[in-house]
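In structure tokens, one chain follows: the form predicted alone.
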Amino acid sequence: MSDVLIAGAGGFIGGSLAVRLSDEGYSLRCVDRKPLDDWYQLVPEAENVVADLQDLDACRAAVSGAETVYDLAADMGGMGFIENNKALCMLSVLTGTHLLVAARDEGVGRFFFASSACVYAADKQISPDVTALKEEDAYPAMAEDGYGWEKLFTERMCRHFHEDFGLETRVARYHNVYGPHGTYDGGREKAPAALARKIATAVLTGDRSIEIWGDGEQTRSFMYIDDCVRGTRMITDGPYGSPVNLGSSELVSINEMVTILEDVAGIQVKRNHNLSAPQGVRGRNSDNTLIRERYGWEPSITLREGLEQTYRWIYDRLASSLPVSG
């Protein structure tokens, strides 16, 4: 088994990947700048390191001895965070650049970079009835300001490090990952977790009124964490190629997601639409033609299945802290 570095291991996806790789017997070095107590999941068997990977020397130390590097480190969150913290999101380019330099110098075998659907051109996402986005739709470039541009730049860095230095880079464009062990409050949560929290709170408190950002007709596809981890492993271990979508192709509106969660929770809520809240692009979906052609697979866990698991996990955590309605 190869030694593996997971950069951003204290985050939602990084923690889930660490658990999977540890279960498979890999020797792990897990690095994040958050204190260990703030990591989403902690693998006791791993070498767990607190370090700021925006620093080149920290990257050299982290990469040393690793055969495979997973770069999942990013300052990011849901749309509320992304729209209000563009500079912080852009600074993640230091992490990607310095990890690539360190990986090149240390002779790393494989380097995986977690990109995002936020790289896609905004003018292709102006309708809820969006045509699913193909990988080539990232150009001509018009990425999400801040976060999306950082991801697109680091994608290019991966390409050129492969072309110029022979580093075996792999890039996946994640589409809205969600599931248990993720952020569900505090301002960085994404729509599935935020709505699951609101519905669970309504059940526990008896207050059946919830706020929805925008008119709820904006559409997205959402990928369950188990599909994300499986796809990440598959792409990393597979052949070199251009960036590939890693996301569900099941398109849903925010209002439809609320309806699914209502059914899961067994209640109905009053929906108050906040039209001034951040809501991002009008529509975004993943075209999975390339991932099927290249790997013979695509994410398949349905939104209903994933939301049930996510809702139950969030409900259990809220139940111990919120008053239960009589």
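No experiment lies behind these values; they were computed from the predicted model shown. Note that residue numbering follows the sequence shown and begins at 1.
One more form of this protein should be noted, the form predicted together with nicotinamide-adenine-dinucleotide (NAD), which is absent from this view; the next part is about it.
The candidate stretches are 22-30, 269-277, 44-52, 287-295, and the one lying within 4.5 Å of nicotinamide-adenine-dinucleotide (NAD) in the predicted complex by heavy atoms is 44-52. Taking the partner from elsewhere, every residue among Gly11, Ser115 and Tyr147 has a non-hydrogen atom within 4.5 angstroms of nicotinamide-adenine-dinucleotide (NAD) in the predicted complex.
Although the partner is absent from this view, Asp75 contacts nicotinamide-adenine-dinucleotide (NAD) in the predicted complex, with a non-hydrogen atom inside 4.5 angstroms. For Gln125, no non-hydrogen atom is located within 4.5 Å of nicotinamide-adenine-dinucleotide (NAD) in the predicted complex, even though that partner is not displayed. Using a 4.5 angstroms limit between non-hydrogen atoms, Phe161 is distant from nicotinamide-adenine-dinucleotide (NAD) in the predicted complex. Not displayed here, nicotinamide-adenine-dinucleotide (NAD) is approached by Tyr174 to within 4.5 Å at the level of heavy atoms in the predicted complex.
Here is the short version: of Thr236, Thr154, Thr95, Gln218, the single residue with a heavy atom within 4.5 Å of nicotinamide-adenine-dinucleotide (NAD) in the predicted complex is Thr95. None of Ser253, Thr201, Asn85, Thr183 but one reaches within 4.5 angstroms of nicotinamide-adenine-dinucleotide (NAD) in the predicted complex through a heavy atom, and that residue is Thr183.
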